[in-house]
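Below, in structure tokens: the form predicted on its own, a single chain.
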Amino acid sequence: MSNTINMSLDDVHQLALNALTSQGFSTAQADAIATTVTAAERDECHSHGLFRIAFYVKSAANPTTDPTATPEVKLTESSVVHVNAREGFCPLALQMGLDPLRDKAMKHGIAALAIHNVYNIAALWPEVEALADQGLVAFAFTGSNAYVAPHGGTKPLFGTNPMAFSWPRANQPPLVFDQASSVSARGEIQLHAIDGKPIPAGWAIDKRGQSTTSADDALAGAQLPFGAHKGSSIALMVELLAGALIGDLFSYESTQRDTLKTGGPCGGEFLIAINPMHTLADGNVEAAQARAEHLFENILSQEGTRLPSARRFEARKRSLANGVNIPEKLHAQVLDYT
């Protein structure tokens, strides 16, 4: 490809690490972020890959952000783990909270992880996939800045409010989905704007509340929830789970806090992990997985269907074998931070 640079995954990680540490991030924060960014490039989730480095750097300029923060883990006898990210970024907080969450779920059958005071710019699938790799069913929820109008409205109020789910499978990667409650992720519109391409109709409205296919007008206006009132209800649910339930900010409050308009959302992330050994009356996890596989087979028996995350795992195989192709312009942009 004439306008791309082929890189190994190790080189992608090192480029991201160098860029972030050069911009004042602690080694621990930078390494955790670089690991997340590299995983996104590996799975061809480009809107959460090296493209995100600029957003981390911009967010770190916010006076309330601490790119050197060391998260604090709080454990009690309950089945809830708390991590205070201390205005740092989510990847490091997750690294510190996932093992205690797993241990609680293994013991109690169901457990939750509440991450507080965190800047979350990453995708949610890495954490739920990691839990599924250890035999747990998992959910994750987080808000963002206010970008999405509630159904029937014209002004941003909700975040894109993604949610992720994972189901462990025997001898193969887990089933995972990670999706915004808006029609599209914010990053997808930003990529369209950078490329000068129109967005599909129905993704967003402009400042006047009119439907638009201009990515720039969409970014200045409001995104729309998927499925009209249904997506709007899910966005509301995520606001409550990742905001009110754990004592963190709603998306519109995060926007108010973003005084430099960096786009970096500060608030919370809420995860739930379930141990099937406890939910099954007979504890027969293998039988439950076999039943799930029968469901998957019935889905795939219909032409044109696929399971969530199938494309990501195929991309992962390619990337592990051949490296990844990074646009020259993006590579240069990240290199400029070093």
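Residue indices: 1-based, along the sequence shown. None of the values given here were measured: they were computed from a predicted structure.
Same protein, other form: the form predicted in complex with a small molecule, not shown, and the subject of what follows.
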Self-check item: residue 95 within 4.5 Å of the small molecule in the predicted bound form, heavy atoms
Solution: no
Quiz item: With the cut-off set at 4.5 Å between non-hydrogen atoms, does residue 123 touch the small molecule in the predicted bound form?
Solution: yes
Quiz item: Any of the heavy atoms of residue 276 lying within 4.5 Å of the small molecule in the predicted bound form?
Solution: no
Quiz prompt | Distance check, residue 239 to the small molecule in the predicted bound form, heavy atom within 4.5 Å | solution = no
Quiz prompt | Stretch in contact in the predicted bound form with the small molecule, which is absent here, among 131-139, 74-82, 155-163, 98-106 (heavy atoms within 4.5 Å) | solution = 155-163
Quiz item: Are all three of 144, 178 and 307 close to the small molecule in the predicted bound form, meaning a heavy atom of each within 4.5 Å?
Solution: yes
Quiz prompt | Contact assignment for the small molecule in the predicted bound form, among 215, 149, 111, 185, heavy atom within 4.5 Å | solution = 185
